[in-house]
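Just the one chain here, the form predicted on its own, laid out as structure tokens.
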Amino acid sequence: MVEPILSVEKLDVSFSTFEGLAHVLSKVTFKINHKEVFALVGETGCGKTVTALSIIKLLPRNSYVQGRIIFNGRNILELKESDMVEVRGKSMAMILQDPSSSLNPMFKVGEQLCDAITSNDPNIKEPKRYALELLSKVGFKDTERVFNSYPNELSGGMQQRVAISISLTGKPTLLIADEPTTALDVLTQAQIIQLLKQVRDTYSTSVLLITHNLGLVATLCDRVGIMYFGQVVEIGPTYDLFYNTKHPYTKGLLQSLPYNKLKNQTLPTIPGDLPSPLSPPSGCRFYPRCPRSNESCSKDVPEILPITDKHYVACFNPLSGDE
């Protein structure tokens, strides 16, 4: 049996704040296989980005982390920063949500790309040639012009392509894409989606996609993990999760989409509000808002267990096929 490229096991993350200890992630568990696009989906503030930053080990100093993150057979959480330098940017790379904040406005695209190339391979003889090749692979036709441009001279979609090309300089086996299509128009979003597919196929790269866009997930991803308030509540193949939903929160998330709704039809909503990470509810974190909750939900934390050999859910009262 082939081992997964990434295995996150019971990951807990808390942050020390002036108001107390904020419990952001609780027992987060999932795996990513080789050459797979896996999505973490959830509303804003559910812990998706914190999970990604934990994997690439870029959390701030006021964080407390427990659990295991196994990447290529090594526990990332046990590595020293000097060892992470060899992992980060090479075996593992991250595309940030806003490319304009990750590109230095003071330097031309070519300088930043060549710096990344020589950082990953100091002995490379023609970094510019490789840089132009990467720009071509991410869809640029006039590569020389882009190479000699400053980031502010490029559109948001072009900046995102540059950010992707920089992330590919180390030929990573895992690419983390944090909301890569945010603030882009629909046409550019489709181009970025197609580009991520090409990256997977060309470089045999696994992709962890962080998003709240379920349309993007349906188009791009092999499997999906649904997060609610720091917990992974359901994992499954994309089609299975959309059409054989098991967790009440996943159902509420899908029902809130405006697609195929009549013009005057009111969108279903999930009642209640998100709890505070400073005082999360005991037991299942979704139970105060869940229509299927009972007494055991308020006391015990449900483990994420298999419904089938590929579909997992963390719920004491999962939905049946006809609900």
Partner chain sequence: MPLIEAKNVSKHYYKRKGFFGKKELIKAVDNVSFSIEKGTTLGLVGETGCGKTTLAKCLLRLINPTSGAILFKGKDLSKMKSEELDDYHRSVQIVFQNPFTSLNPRMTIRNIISEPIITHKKINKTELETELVRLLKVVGLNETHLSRYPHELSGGQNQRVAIARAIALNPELIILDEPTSALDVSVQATILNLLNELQKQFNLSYIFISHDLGVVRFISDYIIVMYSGKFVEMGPSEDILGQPLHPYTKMLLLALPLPDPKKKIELIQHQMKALEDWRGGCVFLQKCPYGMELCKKEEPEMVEVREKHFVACYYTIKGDRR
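Numbering follows the first chain given and starts at 1. This is a predicted model, so every value here is computed, not measured.
The discussion below concerns the form predicted together with the partner chain, not included here.
Checklist entry - Among L253, I210, L174, L132, which has any heavy atom within 4.5 Å of the partner chain in the predicted bound form? => result Residue within 4.5 Å of the partner: L253.
Checklist entry - Which listed residue (V199, C114, M158, L216) meets the criterion of a heavy atom within 4.5 Å of the partner chain in the predicted bound form? => result Result of the distance check: L216.
Next on the checklist: Since only the chain is shown here, I'm wondering whether T143 would be in contact with the partner chain in the predicted bound form (any heavy atom pair within 4.5 Å).
Outcome noted: No, T143 is distant from the partner.
Item to check | Proximity of V65 to the partner chain in the predicted bound form, heavy atoms at 4.5 Å | outcome: Contact check for V65: no, nothing within 4.5 Å of the partner chain in the predicted bound form.
Checklist entry - Is C297 close enough to touch the partner chain in the predicted bound form, meaning at least one heavy atom pair within 4.5 Å? => result Result no; C297 lies far from the partner chain in the predicted bound form.
Next on the checklist: Taking the partner chain as it sits in the predicted bound form, is Y203 in contact with it (heavy atom to heavy atom, 4.5 Å or less)?
Outcome noted: Y203: no contact with the partner chain in the predicted bound form.
Checklist entry - Among 39-47, 276-284, 26-34, 65-73, which stretch sits within 4.5 Å of the partner chain in the predicted bound form, heavy atoms only? => result So the stretch in question is 39-47.
Item to check | Stretch 173-193: residues contacting the partner chain in the predicted bound form, 4.5 Å heavy atom cut-off | outcome: If the 4.5 Å heavy-atom criterion is applied to the partner chain in the predicted bound form, 173-193 yields L184, D185, V186, L187, Q189, A190, Q191, I193.
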